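Given next, in structure tokens, is a single chain: the form predicted alone.
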């Protein structure tokens, strides 16, 4: 009777053909077949991390800068310096422009896009305005030396960070020391803070047009320094040109006293 009941159940389920030689009792599941022993796969060793590149600090930059005895040596050393991350995103080093023995060194902030492509500071719209400002006091690029606080363009023309400025500061000081000018003209807040330190922490407006003394390592005496607005700021704020004109008149009067 059990076999008839099983056959009737299969018929009710729709079974109409026998596929095996002997009927199977599906009411009792057969035991699972024994699992074959498999040796666990060897876990591959974790890949070794590459040694992280440690960027050089201001101390290493100062050591390299101090070892340079000429402007050509300094430029070569800066081109080979890999300790600043800005070098990896910039097109090239923007070292300087103008006379190597100029009486006046002009210090800007950082290269822009056009300067980055050409390798020269202040050649864009702000540089063209600077050229006009210099002509009004009888100067041009052949009579001054133009450099930047940071010689590599920050991505997106952003303001250089304090750590980037601190890292590049030894190169800035060394270039000034090797040029040995009579005085400095800083343009913008970044240059003023880099060279004047805490005196310029409250903003460029507080120190603009006021002579300061800046001590440069490698020079026996402090250099007179006149902070002024950056030409890029003047393009955005034309009313500030009046103040910058007063600064340029001060610079011309001071240069006339230097023989």
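These numbers were taken from a predicted model, which means no experiment stands behind them. Positions refer to the first chain, counted from 1.
There is another form of the same protein, the form predicted in complex with a small molecule; it is not shown, and what comes next is about it.
**Asked** Any of the heavy atoms of residue 167 lying within 4.5 Å of the small molecule in the model of the complex?
**Response** No - in the model of the complex, heavy atoms of residue 167 and the small molecule never come within 4.5 Å of each other.
**Message:** Test of understanding: in the model of the complex, would residue 171 fall inside 4.5 Å of the small molecule by heavy atoms?
**Reply:** Residue 171: no, not in contact with the small molecule in the model of the complex.
**Message:** With the partner left out here, check for me: in the model of the complex, does some heavy atom of residue 112 sit within 4.5 Å of the small molecule?
**Reply:** It does: once the small molecule is placed as it appears in the model of the complex, residue 112 has a heavy atom within 4.5 Å of it.
**Item:** Contact test in the model of the complex: residue 122 vs the small molecule, heavy atoms, 4.5 Å
**Value:** Yes, residue 122 is a contact residue.
**Request:** Determine which one of 101-109, 172-180, 132-140, 73-81 lies within 4.5 Å of the small molecule in the model of the complex, judging by heavy atom distances; exactly one does.
**Result:** That would be stretch 101-109.
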